[in-house]
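Take a look at this one chain, the form predicted alone, written out in structure tokens.
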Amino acid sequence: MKQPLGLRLLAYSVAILVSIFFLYPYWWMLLGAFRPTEAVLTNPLQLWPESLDFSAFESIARVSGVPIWRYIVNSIFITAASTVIGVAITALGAYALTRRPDLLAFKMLRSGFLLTMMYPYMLLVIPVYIVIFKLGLLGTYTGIILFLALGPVQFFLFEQFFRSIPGEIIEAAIVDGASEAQVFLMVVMPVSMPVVATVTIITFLLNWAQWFPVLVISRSPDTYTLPVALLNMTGELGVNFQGIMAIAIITTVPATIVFLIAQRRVMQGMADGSVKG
């Protein structure tokens, strides 16, 4: 039934006000990057900069002895690599669990993923740190990428979607002589492209924002990503709000753009993964 015009206008007005409330901190961050620190401290609630000052971006060109482009390259490389590996591993694991849910090892694997979701993320750092240390990967890109590739949420999204695929399709492929690998690559994955896209986007956004695992595994700023650099730079830059806001823009803008472009896909994929199966 169509809602009255007055009720719809009220709903839109409330939605706009709520949106402004949540967008204001981001707008304040953008303004802070182009306003002098003195202006921010004396008039922090001003909605428009007195003048466009780009000196902050020059001041952060090199922080902690490392060029800012190094942090950007590290973020792109580590996030992309961990996303590809994480999506591939979780997809394979979810398919295997869906095909043989009765195996004890697979049941233990699923329970392990559940535990990682139930316990605080910080509790996993110590055992993972020990494993990375024993493997000799501490302070390396490989260790950071493997740590970030762990994705329990992505695993369950794949599992729920795979459970919704009719078993008759898989059985027909096996009767025709296809191996499990062929069934996975040629039958299951083509129909799973929507959830693959969703999981890829979610993994990218999650890994881009990670800072604690990178900080724990890294041994030098040479392997820092932008979020870790931002965390450390706040101490180095002191009360230089302009410089801190400039770094925050560089850190958040890529993830914001990706989310705005793919938000419908992310929401739909999360709904499909929670309802199907």
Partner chain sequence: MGSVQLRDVHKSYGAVPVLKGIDLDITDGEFVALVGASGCGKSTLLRMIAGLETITSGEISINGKVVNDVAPKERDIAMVFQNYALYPNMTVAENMVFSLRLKKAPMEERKAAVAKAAAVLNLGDLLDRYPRELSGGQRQRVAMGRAIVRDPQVFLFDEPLSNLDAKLRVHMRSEIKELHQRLGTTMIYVTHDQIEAMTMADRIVVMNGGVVEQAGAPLDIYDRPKNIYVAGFIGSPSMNIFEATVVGVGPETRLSIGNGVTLPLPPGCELQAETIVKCGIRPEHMVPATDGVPARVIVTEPTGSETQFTLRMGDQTVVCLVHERLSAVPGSEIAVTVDARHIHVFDQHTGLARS
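Fair warning: this is a prediction, and the values are worked out from it, not measured in the lab. Numbering follows the first chain given and starts at 1.
Below: the form predicted in complex with its partner chain, not depicted.
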Partner proximity in the predicted bound form: Met122 to its partner chain, non-hydrogen atom cutoff 4.5 Å = no
Any chance Leu104 has a heavy atom within 4.5 Å of its partner chain in the predicted bound form?
-> no
Ala81: touches its partner chain in the predicted bound form, heavy atom cutoff 4.5 angstroms = no
Is Gly112 close enough to touch its partner chain in the predicted bound form, meaning at least one heavy atom pair within 4.5 Å?
-> no
Only one of 146-154, 169-177, 122-130, 104-112 sits within 4.5 Å of its partner chain in the predicted bound form by heavy atom distance, namely 169-177
Quick one: from Ile76, Val187, Ile89, Ala197, grab the residue that has a heavy atom within 4.5 Å of its partner chain in the predicted bound form.
-> Val187
Interface residue in the predicted bound form among Val191, Leu206, Ile72, Leu138, criterion: non-hydrogen atom within 4.5 angstroms of its partner chain | Val191
